[in-house]
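Below you'll find only one chain, the form predicted on its own, shown as structure tokens.
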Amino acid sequence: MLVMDNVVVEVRDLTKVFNGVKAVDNISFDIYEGEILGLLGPNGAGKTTIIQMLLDVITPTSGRIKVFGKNLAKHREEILSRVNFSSAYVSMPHSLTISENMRFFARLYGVRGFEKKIDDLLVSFGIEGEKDRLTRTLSSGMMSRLYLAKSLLNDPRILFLDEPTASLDPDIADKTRRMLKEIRERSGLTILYTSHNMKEMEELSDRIIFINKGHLVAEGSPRDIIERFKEDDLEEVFLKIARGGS
């Protein structure tokens, strides 16, 4: 059972305004060491915007983010060296092969002895036989596996995953979930995870924060949230909130 006593990400009163519209509206939450936290909500709810602020890709309009007890804006380089991410919405250089892309990012992250690390990750995601293929020739599923392999190159302490299994077939998606759980159990990896697969969210998440229209509307374990909304499963909760239920 996860013991939630060490906060590694602290978010307070986080707000982001785009052209007068609040994409994220005064949200506060914590992420604990070794936790898999599900970030759930309909399209446009603010999930990707939150992750981008946690990665310091975009600057909050107001609020505070602390990671490993330090202010993200003031200690950006130090913090991000211990963090990584995978997203269905980020691309890699298409003129490079899988192997070249992995070596590029390994050097960028300062990974030592990266050749064996790369080989091991490509085997883990079942793409070792494709390492000489140009990235532009890959299917969406293969690209998703490459993004995930890239995200583990620097042995991150925190991993942000934005719909990482969206393009994977059920078999590879299941293997990916199992591998993430194994890494968490082995190394204490902390994961923030978004997905529109409600079964996946129930299976993976220790805790869920549910946002809608930029507001935090529910927080707790998957079972707690299901019981609070008096529904049979997380998908029914999602539909109720997305369609305007309280």
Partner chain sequence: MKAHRIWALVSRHLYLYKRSLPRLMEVFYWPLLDLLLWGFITIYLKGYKENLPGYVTFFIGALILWDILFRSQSGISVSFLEEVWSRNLLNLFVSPLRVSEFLISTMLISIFKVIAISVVSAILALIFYSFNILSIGISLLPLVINLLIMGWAIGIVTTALILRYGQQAEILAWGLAFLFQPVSAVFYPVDVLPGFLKVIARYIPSSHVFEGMRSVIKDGRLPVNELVWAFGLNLVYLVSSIIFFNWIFKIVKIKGSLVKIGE
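In this text the structure is predicted, and so the values were computed from the model without any measurement. Positions refer to the first chain, counted from 1. Think of the rigid core as the biggest set of C-alphas that the two forms share within 1.5 Å after superposition.
Just so it is clear, the following notes concern the form predicted in complex with the partner chain, a form of the same protein that is not shown.
Interface residue remark: residue 93 is counted as part of the site for the partner chain in the model of the complex, having a heavy atom within 4.5 Å. Although the partner is absent here, residue 30 lies well away from the partner chain in the model of the complex, with no heavy atom inside 4.5 Å. In the model of the complex, the partner chain stays beyond 4.5 Å of every heavy atom belonging to residue 117. Looking at residue 88, you'd find a heavy atom of it within 4.5 angstroms of the partner chain in the model of the complex.
Shown without its partner, this chain lists 158, 153, 173, 80 as candidates; in the model of the complex, only 80 has a non-hydrogen atom within 4.5 angstroms of the partner chain. Contact with the partner chain, judged by heavy atoms within 4.5 Å in the model of the complex, is confined among 63 to 71, 193 to 201, 47 to 55, 207 to 215 to 47 to 55. Of all the residues from 98 to 119, those having a non-hydrogen atom no more than 4.5 Å from the partner chain in the model of the complex are 100, 103, 104, 105, 107, 108, 109, 110.
Relative to the superposed core, residue 151 undergoes a Cα shift smaller than 2 Å between this form and the one not shown. With the core held fixed between this form and the one not shown, residue 87 has its Cα displaced by under 2 Å.
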